[in-house]
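Next up: a single chain in structure tokens, the form predicted on its own.
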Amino acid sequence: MAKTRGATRAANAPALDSLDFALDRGSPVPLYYQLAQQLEAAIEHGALAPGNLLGNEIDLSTRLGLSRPTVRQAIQSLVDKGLLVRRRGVGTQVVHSQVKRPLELSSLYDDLEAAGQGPTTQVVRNEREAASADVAAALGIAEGGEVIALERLRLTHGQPVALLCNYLPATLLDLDSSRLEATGLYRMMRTAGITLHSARQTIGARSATPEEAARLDEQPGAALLTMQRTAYDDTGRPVEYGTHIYRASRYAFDFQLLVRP
């Protein structure tokens, strides 16, 4: 029995023991913010993984030489972001890192894989149907023409992040559901010899419907990011039209703004 208790303690040992924090007490940046930024970086880079414990505020404040209110404020800021959760009888625990995606023509699957987020996919729908007016206009085909309609749930670390709806010209390529669950759509297109060149994209936000909330493990009315995209190949032909929704608590677009000369 003693061996079992020891193994449990080892499994639940605070994950911060292996991390070093560089806090600049002479900086105008508040100490709580410095600590929060370094904890967030550790989560994003995998040094703190989902399920890892941080220990209690007293131990952490003693180790870092910080006041408990400072540590509490840092932890609360990450709880508010959805990166940490306080569990009664367990302590503060890492939940997941927020997905930060570059605003460029890339596959969500490829971006998640490159960030070490462990993406998985559930194909909800993969069938042929008649194009609606919006889909037809985006793909440059006649309304009612046949298209491939895909609906996929994208997850990281077993948690849903996005619900993806995509429409492609029916003659573009064959899309096997088992392959779609093992890789990304754009990767399959590249393998088929389709060279993606550019896209027109619109980003917005709205509240989740009850059905969307259930699929994304959110509360009805929770904030969602939305994206509409039409992608073109190197001949200028539209090859894909997508309407996607993302959990705002788990996902953000990351881009750089430049001043015009």
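In this text, rigid core is short for the largest set of C-alphas that superpose within 1.5 Å between two forms. Quick note: we count residues from 1 along the sequence shown, nothing fancier. Since we're looking at a predicted model, the values are computed, not measured.
Although it is not shown, the form predicted in complex with the DNA is what the next lines describe.
(message) Does the DNA, in the predicted bound form, lie within 4.5 angstroms of each residue among E129, G144 and Y167, using heavy atoms as the measure?
(response) Heavy-atom distance to the DNA in the predicted bound form: none of the three under 4.5 Å.
(message) in the predicted bound form, is there a heavy atom of the DNA that lies within 4.5 Å of any heavy atom of D233, even though the partner is absent here?
(response) The answer is no: D233 has no heavy atom within 4.5 Å of the DNA.
(message) Please determine whether T70 contacts the DNA in the predicted bound form, using a 4.5 Å cut-off between heavy atoms.
(response) Yes - in the predicted bound form, heavy atoms of T70 and the DNA come within 4.5 Å of each other.
(request) Check whether E57 has any heavy atom within 4.5 Å of a heavy atom of the DNA in the predicted bound form, and answer yes or no. (result) E57 belongs to the contact set for the DNA.
(request) Could you confirm whether R179 comes within 4.5 Å of the DNA in the predicted bound form, counting heavy atoms only? (result) R179: no, not in contact with the DNA in the predicted bound form.
(request) Identify which of P30, P220, G46, G51 has a heavy atom within 4.5 Å of the DNA in the predicted bound form; exactly one of them does. (result) Contact with the DNA in the predicted bound form is made by P30 alone.
(message) Which residue, H157, R190, R125, R86, is the contact with the DNA in the predicted bound form, using a 4.5 Å heavy atom cutoff?
(response) The option sitting close enough to the partner is R86.
(message) Quick check for you: of 129 to 137, 170 to 178, 87 to 95, 146 to 154, which stretch puts a non-hydrogen atom within 4.5 Å of the DNA in the predicted bound form?
(response) Of the options, only 87 to 95 has residues within 4.5 Å of the partner.
(request) Determine whether the C-alpha of S132 shifts by 2 Å or more between the shown form and the other one once the rigid core is superposed. (result) No.
(message) Core superposed first: is there a CA shift of 2 Å or greater at Q76 between the shown form and the other one?
(response) Yes, because once the rigid core is superposed, the C-alpha of Q76 moves 2 Å or more between the shown form and the other one.
(request) Superpose on the rigid core, then tell me if the C-alpha of A170 is displaced by 2 angstroms or more between the shown form and the other one. (result) The answer is no; the displacement is under 2 Å.
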